[in-house]
Ligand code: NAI
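Quick setup: one chain, the form predicted on its own, written in structure tokens, and binding and motion questions come after.
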Amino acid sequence: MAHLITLIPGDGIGPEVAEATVRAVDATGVSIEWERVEAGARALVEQGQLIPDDVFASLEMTRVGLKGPTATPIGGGHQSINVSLRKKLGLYTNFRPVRMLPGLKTRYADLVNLDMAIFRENTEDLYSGLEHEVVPGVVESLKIITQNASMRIAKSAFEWSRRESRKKVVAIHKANIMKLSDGLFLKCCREVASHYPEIAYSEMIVDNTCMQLVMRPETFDVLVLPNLYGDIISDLTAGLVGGLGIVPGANLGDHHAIFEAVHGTAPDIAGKCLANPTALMQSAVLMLAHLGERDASARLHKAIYATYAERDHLTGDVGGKASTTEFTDAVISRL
């Protein structure tokens, strides 16, 4: 029986990387029926809504989505589409594995075994969007940390670590300053950690974490973080392995899952067949595993890595000269 998947191509280069990823996933031989819906700038122009009702209707039926990048205005305008989807669907876990691809020339290219996982709480913290102007010139933004959300993300990190035989989890915080909010987050992480004695647990202040990640990233394994720190740290770790155009992302809840590229829409190269679909393809690797198609997931993963190891068909952002289509063809040929 075919898997039914909601496809949200997105804005800018989104449709190009989405099409490339669909081709690669279909080439694994897994039977998938794609239901394409629009969200973002194109949906606003065509349907008058950033997230039309048919997006939620589709996801309610399929429970699984693959999403390209969507644009978010800075300093005004609409709320992030990603934030809206996460809140509406209860996608409380943002999961980003960060691994070095073979043959990729970065400042940390010698760390070939760099392999860490980010578990970021996805629904609250400062991303709750509760802001108001107290008096002219004074704005207040509320940081929301709850026991329920903190326990959920900690359990997600430890359950995955146990399943994947990972050795250590570190909780990232600023509880030395925000003693109540980040203090509650740590209290929950400690409680969950007590049920996983085989996994080493530690805590690290977020500013020191940034320094340690730059100086000795190989010492990290699994990180669990509140929303804001998770957003910042996950981008920092992506920079260690080549940037946001490389790393995958998954948003997971109890009933729904959306797998997405975490990079921007790159409007300057949209429509030129120059975009790198690696991030969304790697997200599709996670999606296939989520669907129980672990053999296909592993084969697509290996095909992407083999293409990077060979280096003859890489896109311009990672030092090659290939088009989006040529890179995709190279990945498919290795399946």
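Note that the coordinates shown come from a computational prediction; the quantities given were computed from them, not determined experimentally. The first residue of the shown sequence is 1; numbering continues from there.
Unshown form predicted together with this ligand; subsequent notes refer to it.
Of the heavy atoms in residue 217, none are within 4.5 Å of this ligand in the model of the complex.
Contact check for residue 65: every heavy atom lies farther than 4.5 Å from this ligand in the model of the complex. In the model of the complex, at least one heavy atom of residue 269 sits within 4.5 Å of this ligand.
Interface residue remark: residue 102 is not counted as part of the site for this ligand in the model of the complex, having no heavy atom within 4.5 Å. Residue-level contacts in the model of the complex: of 236, 109, 244, 144, one residue has a heavy atom within 4.5 Å of this ligand, and it is 244. With the partner left out here, this ligand still marks one of 271-279, 51-59, 23-31, 298-306 in the model of the complex; by a 4.5 Å heavy atom cut-off that stretch is 271-279. Residues of 245-272 placing a heavy atom within 4.5 Å of this ligand in the model of the complex, in sequence order: 245, 260, 261, 262, 263, 264, 265, 266, 267, 268, 269.
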